[in-house]
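As structure tokens, the next two blocks hold two forms of the same chain, structure 1 and structure 2.
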Structure 1
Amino acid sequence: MATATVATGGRGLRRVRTRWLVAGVIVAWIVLWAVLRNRFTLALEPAQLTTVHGWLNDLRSTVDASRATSPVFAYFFDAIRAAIDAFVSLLQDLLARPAYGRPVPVIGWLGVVAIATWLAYALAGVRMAILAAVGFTFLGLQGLWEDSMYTLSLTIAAVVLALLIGIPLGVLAGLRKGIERVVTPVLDFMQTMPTFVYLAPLTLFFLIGPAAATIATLIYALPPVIRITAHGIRTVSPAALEATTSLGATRWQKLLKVQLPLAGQTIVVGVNQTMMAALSMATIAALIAAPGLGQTVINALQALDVGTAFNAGLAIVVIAIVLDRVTTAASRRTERVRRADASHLRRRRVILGVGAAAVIWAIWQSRTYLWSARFPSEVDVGPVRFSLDLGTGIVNVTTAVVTWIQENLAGVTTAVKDAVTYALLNPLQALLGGSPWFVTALAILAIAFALAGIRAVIVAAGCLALILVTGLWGDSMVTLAASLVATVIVMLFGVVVGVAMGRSARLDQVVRPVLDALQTMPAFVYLVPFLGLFGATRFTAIVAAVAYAAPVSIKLVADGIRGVPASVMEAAKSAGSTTWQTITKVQLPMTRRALTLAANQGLIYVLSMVVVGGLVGAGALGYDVVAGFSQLELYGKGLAAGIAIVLLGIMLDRITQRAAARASARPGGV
């Protein structure tokens, strides 16, 4: 008892010390800023280039020039491109575009809906079959069948390749500690890198088109399946393994008969995550000539046409919901099917057989009759003609709602924008970017030390040094300021909504699907209305980043709150605590680890939106990347900006992770 008290006292003391240290650093920083401001800031004009940017430009020219002659291109990059191109083209011929001398794809909409329904039934049961049928039909009613099938083709191609590469790699990483140690940092890097950043280098090697788009999607979608497969293999119960070893099984037999089947359920979770990631990337791939819903969304953004963008975004959400729910249900089901009794299995087999016949009939129909090949926009039932067009309605309603909001709330939104900009963003940006670079660097390192300890400081110092090398210190600090403000807002939402959801299961049920939809809706979609409300400003970018990042943080906080043991809550209640007291004195402190994790994930998600913000007036690194992607002489600078974003990400990730680890090292700790 006595030791415990002493230990708690010691920890409490340390936390107080941390606070004073951080406060001291900030005060010193402000004083130095006041004295030295706007000197040694290393700010670079938008048109200015450094030597490093020049080198990167030259590097690109060299690679570009060697494309026609170098064997590396002829036998490696071009070969990969041709193979992937063939694969994607095949899928597009099957699902999306006129092929083989016919005016329609190989399988028409009726066939695709039938296949999706049958697969959903086979993998996940009756309810999921209905969901798949309704969901896919809805895509047609939106008037987006063809676009959706292009997007689906790209997603399937990327997911299949990701699984082919990811599952074996995941198994290896699960079996061998050494391989895992090599793979993990690479995956970390892949996941912190914003998707936009590698589009430019990727097109350098694979040019634009479906192959490059598939590879971009693949890179983004690969990490989850590797990680989760490895985790699944590693957590197979040692008892089961020992039993087979004593039976004299070879290593292969062990893997195939025990480890893989037992890890099966976990691996399906990985497949699910990979699918979701691939789908969200398929939109951005439109920037390098991937056909599909992404094209519609980006086109609508250019014309500020919210309705059309929303309709296409909704189609992506619908595909995501179907894929997500079916695979999630499938992973839960593997267990149940194995335990089902014989009569149940027989009935299932009969339904599957009849279903297969129906699928074949539907495919035949969709190859023979036009109405089942192209999604009809209207249909005659007897003498009455019904419109099958829901899309126009969705577009019009969305446009009307957004126009009303823009016309009537402009005063409020401008006030909010100005308040955040002048009270929070500008001072922070002035402090970070207006101080001499060495002052800012020292201050960041000191704060990192106070919050996260010496190991985080070493990583942060390395990152800051490399940011100096990129020549984009000034822009990096502007981006850092906006990202920090966005993260603060994300955490506000995370705590308020997360706590409410954690305390009320009913609220959770209502809010969670909305959060899921926000996460799968391509960022470009909500950029358009925000642009109308807040103009081309850094604040618009911040709002878009918050919309993208808040759901993750909210979910993490909600799960954390729900994880507080019921006994502790009972104790608090019987001690006569008010609701406010239970939240602030029991629930929040008990979930400190979830909170820091939410901040960490919030930051990473915010950073991955930085580039998109560059499209709507946020400037700085995001603009550098976008401009580099689209203007020859700025290529090198854009690449450097991409690297700078990754460096900021690694630095912030390490600091918050170490801080989180520290927080969890002191459990509870009221």
Structure 2
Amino acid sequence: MATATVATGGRGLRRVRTRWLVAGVIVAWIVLWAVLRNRFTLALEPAQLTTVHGWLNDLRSTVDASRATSPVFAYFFDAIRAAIDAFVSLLQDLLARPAYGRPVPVIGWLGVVAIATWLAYALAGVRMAILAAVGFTFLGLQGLWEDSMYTLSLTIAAVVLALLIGIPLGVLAGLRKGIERVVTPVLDFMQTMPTFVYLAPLTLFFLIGPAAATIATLIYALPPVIRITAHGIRTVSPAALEATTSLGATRWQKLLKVQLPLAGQTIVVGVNQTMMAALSMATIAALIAAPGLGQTVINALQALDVGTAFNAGLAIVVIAIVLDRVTTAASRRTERVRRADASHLRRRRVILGVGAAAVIWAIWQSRTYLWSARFPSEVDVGPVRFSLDLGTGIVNVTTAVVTWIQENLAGVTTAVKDAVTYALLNPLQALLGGSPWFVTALAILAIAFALAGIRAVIVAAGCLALILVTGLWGDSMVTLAASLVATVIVMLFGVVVGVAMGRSARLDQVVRPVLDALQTMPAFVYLVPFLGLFGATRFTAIVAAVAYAAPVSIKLVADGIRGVPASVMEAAKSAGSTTWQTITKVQLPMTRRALTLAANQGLIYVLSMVVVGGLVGAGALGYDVVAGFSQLELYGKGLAAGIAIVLLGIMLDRITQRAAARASARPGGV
């Protein structure tokens, strides 16, 4: 007992020392900033290049010059590009664009709606079939049928390739621990990288266009299906495997007859996650000339046309909801269909057969009649003509609402923006970006040591050194400041809402579906409403990042609060603790691992979104990346900015992960 008391006292003393060490570092940092302000900051003007940027530009020129003669390009990169381009073009010809001398796609809108409805019924039941039919028809009513089909074509192509690669790899990782140990760090790296940074390196080898966009989407969407498939294979009941082994089944028979069927529901969850990731990335891939809704959103954002951006963003949300709900329902339905009785299966087969006949009829109609090939803008019912154009109305209403907000609520939005900007963002940005680079680096390393230990310091030192090499120290510190401010706000939301959800099951049932829905929306969509509220500023990117990252942090905190043992809560109540005392003295201290993990995930999500915010005036690394795509002379700087973003992500991820590991090592951590 005495030993335990001494140990607990030692840990408490260590925590106090950590706080004082961090506070001391910050005070010393501020003093040095005041003395050496704006000296040795390594800031660059937007058009200014370093030697590294020039070298990357030369590398691109060299690659472009050797593209026609190099066997590496002729037999490897160009072959991959040609194969993927052909696959994507086939899907686009089928769904989106005129093909084979026809003025319309091979399958018109009526055929696509019929196929989607039939697939949704086959996989997920009647309700999801109705959702798919209504959702896809709504895309046409918005006037965005063709753009939606381009986005869907790219998403389907990436998902098919991801599943072809990911499911076998996931099965191998689930069966062989050695393969899992090799694959896991690679997947960690792929999931840590913000979405933007995939794009620039790929254009170097695969040029701008559908192939590079598909490969970027494939890379982003691949990790979930590998991880979740491996998890499904590993969690198959050992009793089922033992029973199969005792019957003399071979390894191959066990895989096909037991492990894959029993892991089927989990694998479908992986398909769902892969599909949502692919849709998110397919819209961002518009930056490298991927056609579809992403192009419409980007053009509208750059023109500050919130109405058009909202209409296109709404179409992306509709596709996301349909894909998410259908695949989620399919994962739950897998087990029910497997256990259904014979009469139910017979009835289902009949309905599917009738549905298949209806699909064939709809495809024939869409190949024969123009009205069912191109989504009509109006329809005649007897002598009356009805408009089918909802898109113009959505654009006009959104524009009117934004105008009203800007005219009547400018005082409120400006006050909120100025409060965060002057109280948090400007001081932190001044400290990070205005200090000499070596002072900032030493301060970051000292804080990393205090919070996460020597291993995190080694990683952070490597990342900071490489950021120096990229020549973008100043822009990296500006991006870091915005990310930290957004993460603080995310954690405020996470703690307040997460604690409330963790303490109230009823509130959790109401809020959690909303958070799940928010997590299905691609990153671009979050920018649109806040662009209307706050204009094109760095604050817009921060608010969008908060909205993007808050759901995952809130859910992690809520799960941590719910994980506090009931016996501990009872003991707190019997000791006469008030609600506030229970939260601050019992629940929050015991959920410190969940809190640290929430901060980790919040940082990664925020960093990804703050970079996307380069499209709406966030500047810094996000602007550098976007400018690198649009201006040939800034390509090297954009590529270096992508590398700097990855380094920031790795550094923040490792520091927070090591801090989380330390927190979980303490007794009572949840």
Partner chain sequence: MTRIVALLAAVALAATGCIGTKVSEVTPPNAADCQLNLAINDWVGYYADAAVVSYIAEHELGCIVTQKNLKEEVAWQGFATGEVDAILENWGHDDLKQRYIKEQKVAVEAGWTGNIGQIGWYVPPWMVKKYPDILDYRNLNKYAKLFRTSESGQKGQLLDGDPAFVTNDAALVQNLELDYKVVYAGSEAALIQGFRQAERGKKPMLGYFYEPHWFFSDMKLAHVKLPPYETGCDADPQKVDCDYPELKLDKIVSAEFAEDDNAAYQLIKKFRWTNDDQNEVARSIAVDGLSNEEAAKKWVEAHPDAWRTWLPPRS
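Structure 1's sequence is the ruler for residue numbers, which start at 1. Here, rigid core means the biggest group of C-alpha atoms that superpose within 1.5 Å across both forms. Nothing here was measured: the structure is a model prediction, and the numbers come from that model.
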Shown alone, the chain in the form predicted alone appears as structure 2
query = Under a two rigid part split of the chain between structure 1 and structure 2, are residue 76 and residue 261 together?
reply = yes
In degrees, the rigid-body rotation of the smaller part relative to the larger between structure 1 and structure 2 is 12
Aligning on the rigid core, one finds that residue 564 shifts at its CA between structure 1 and structure 2, in Å, by 5.5
Core-superposed CA shift of residue 594 between structure 1 and structure 2, in Å, is 3.1
